[in-house]
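What follows is a single chain, given as structure tokens, in the form predicted on its own.
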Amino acid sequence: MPYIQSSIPSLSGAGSPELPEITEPGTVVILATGGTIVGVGKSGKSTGYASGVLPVQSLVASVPDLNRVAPLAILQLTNLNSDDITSKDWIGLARVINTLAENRLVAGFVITHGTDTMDETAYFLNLTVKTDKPVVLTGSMRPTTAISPDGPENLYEAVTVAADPSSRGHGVMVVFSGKIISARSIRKVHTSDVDTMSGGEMGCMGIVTDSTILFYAESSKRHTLRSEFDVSGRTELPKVTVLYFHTDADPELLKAAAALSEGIVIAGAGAGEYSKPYLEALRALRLPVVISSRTGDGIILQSAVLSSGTVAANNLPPQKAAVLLRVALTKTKDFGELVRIFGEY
């Protein structure tokens, strides 16, 4: 099966991308944003490389029989290290997906993305895309020039999942190292391991091996078509600051963050805990504050937050609590509504 391709220099630039013309049923659209999966470094080395160097077409061409899995359409949206992805890029990406998803010939989407902020992009899309067609993110921990790059296999498995009708309705997913993980659960848990992507205590939704896909679980939280959020008319999101609590953390930082932001997320110790000076400073703030945990797993109950005017993040890690708060603030600042939203999403 042949593939067609199109490209633009940046998602967040002026204008809209030139979308590929899709002519074959069952087409999987590959949306490229950069990352290690198209990184280049010294031959044989897995460190000291530059991310987002090669066009995604070269990666696609390196994967044997990829175009036999499904017809492919390729759109190079940008080519960045994922640390440089912005909310403007998120909104542009969601807009492209929502537009192309209306085409009955499109079966699903694969987004190539750097691993550092893949969890944030995936969760944002889970809240804002309006389709039950599979939206799958993937990437790699090793550049294309490493002895054994993991990108080609991850891309093959991601396309396999995106092309399969059984993948519809699961929300946005990440496929990495043979695992299918929900956008809400996914997180990066290791600096260099090729199995860096984890679903935490919630685990993965399923597995993929070669062309075999097995789903075992699904998220009960609202997403995609059941999500109430619509950012199609926006160019960026409200600013939210994440503050990491630690011994002797300066509560003056809360005041500084409040002056610069529309909301704050606290990465608290344990079950969202912090010091008495922090508590006093929080009580004086007049903006939404969400309490998360720096531990990585576990739930924070609304009934157990230290300050009654703050919102429990449920089991969202700080960076994802910030994503949800930013999206929620496009609709409301009401405390009761924010509590509801963090319980449902």
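Note that the coordinates shown come from a computational prediction; the quantities given were computed from them, not determined experimentally. Residue numbers here begin at 1 and follow the sequence given.
Omitted here: the form predicted together with a small molecule. The next part is about that form.
Residues within 4.5 angstroms of the small molecule in the predicted complex, judged by any non-hydrogen atom, belong to 79 to 87 and to none of the other stretches in 123 to 131, 259 to 267, 79 to 87, 214 to 222.
Taking a 4.5 Å heavy atom cutoff to the small molecule in the predicted complex, the contact residue among 153, 273, 164, 116 is 116. The single contact residue among 179, 170, 188, 95, judged by any heavy atom lying within 4.5 Å of the small molecule in the predicted complex, is 188. Although the partner is absent here, residue 51 is a contact residue: one of its heavy atoms lies within 4.5 angstroms of the small molecule in the predicted complex. The small molecule in the predicted complex is not approached by residue 158, whose heavy atoms all lie more than 4.5 angstroms from it. A residue is said to contact a partner when one of its heavy atoms sits within 4.5 Å of a partner heavy atom; residue 205 fails this definition for the small molecule in the predicted complex, lying far away. Within 4.5 Å of some heavy atom of the small molecule in the predicted complex lies at least one heavy atom of residue 141.
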